[in-house]
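Listed next as structure tokens is one chain, alone, in the form predicted on its own.
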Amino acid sequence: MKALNYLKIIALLLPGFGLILFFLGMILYVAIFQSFGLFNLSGEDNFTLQYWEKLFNRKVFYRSVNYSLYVGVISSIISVALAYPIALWLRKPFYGSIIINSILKAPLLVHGLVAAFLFVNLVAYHGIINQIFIFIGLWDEPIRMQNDKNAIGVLILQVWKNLPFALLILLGSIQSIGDDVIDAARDLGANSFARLKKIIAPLTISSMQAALIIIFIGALADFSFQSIAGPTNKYSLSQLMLYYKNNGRWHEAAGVGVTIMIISFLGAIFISYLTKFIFFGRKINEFK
């Protein structure tokens, strides 16, 4: 009977989910084997490791990996860290909460490329911020803030764009916690911090993981923010992939694409286990 039910579920999911898996599988298949010299667009196919050897022997590849990891990790942590207290604040409706919620989610409606151009207009050498600060006498001449070497502008854009997304996920999870659970903990003597640590946080761990993973993957592979507001002396992995593609080096570009997929997969696993260990590791050890 159970097997029959599983078959029915698979049959229902197959038309939609099956097609998604099929096309994603084809993309993965082509990208992986293209990085090994197959699916050559301009010559004969030849299975080889030379393209991976070229990548591993270039310092720019390692710098791109480190830089993309830096942007992905920092952006996801800051976005979720800011969204979580806001979600707690908006958990119970109050006068004006709907307006505040709508304003905070407004960046979801703005395309990333448009947001990057708007940001450049703010921080450019003759941008709005420089003009305002010169007008009020805070400094005498414009200061260069665009394309800073620490990618602060990219991080600001990533957080601005991803914070509403994290808020959307976390707010739904927090609001699903019943008032009776919170009230029972309060009646048993748990203060606000104890209720957050022992009830709210464990019950919202799945949504926190989802927000961290999705933001990390998106920021890791981002191109638009980096190309407009990022440092000029560093390539992100997506920029490096485009560079190889524009120069006709499709196999190396495929290798960079596969690298993005591998880092995304391993990063998702690491985030999942790390968050579970932080919230449940001590309890599991005490139980043992």
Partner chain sequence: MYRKILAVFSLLSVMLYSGFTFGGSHNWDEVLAEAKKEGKVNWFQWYLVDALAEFIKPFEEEYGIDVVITQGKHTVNIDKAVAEMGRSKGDIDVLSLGFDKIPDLNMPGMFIKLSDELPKDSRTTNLAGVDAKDYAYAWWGNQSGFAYDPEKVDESKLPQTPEEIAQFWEANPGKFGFNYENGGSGPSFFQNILRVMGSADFTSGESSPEKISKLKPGIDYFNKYADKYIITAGNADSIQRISDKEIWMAPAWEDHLAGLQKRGEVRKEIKMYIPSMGMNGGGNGVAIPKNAPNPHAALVFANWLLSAETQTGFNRDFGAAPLHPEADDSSALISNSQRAYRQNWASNPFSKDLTDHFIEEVMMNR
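Numbering follows the first chain given and starts at 1. A quick note: this is a predicted structure, and the numbers were derived from the prediction, not measured.
Quick note: we don't show the form predicted in complex with its partner chain, though the next part is all about it.
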Heavy atom within 4.5 Å of its partner chain in the predicted bound form - the one residue of 232, 50, 66, 46 that qualifies
232
Using a 4.5 angstroms cut-off on non-hydrogen atoms, would residue 139 count as touching its partner chain in the predicted bound form?
no
Does residue 250 make contact with its partner chain in the predicted bound form, using a 4.5 Å heavy atom cut-off?
yes
Residue 243 near its partner chain in the predicted bound form, any heavy atom under 4.5 Å?
yes
Going through 136-173, which residues have a heavy atom within 4.5 Å of its partner chain in the predicted bound form? Please give them in sequence order.
144, 146, 147, 149
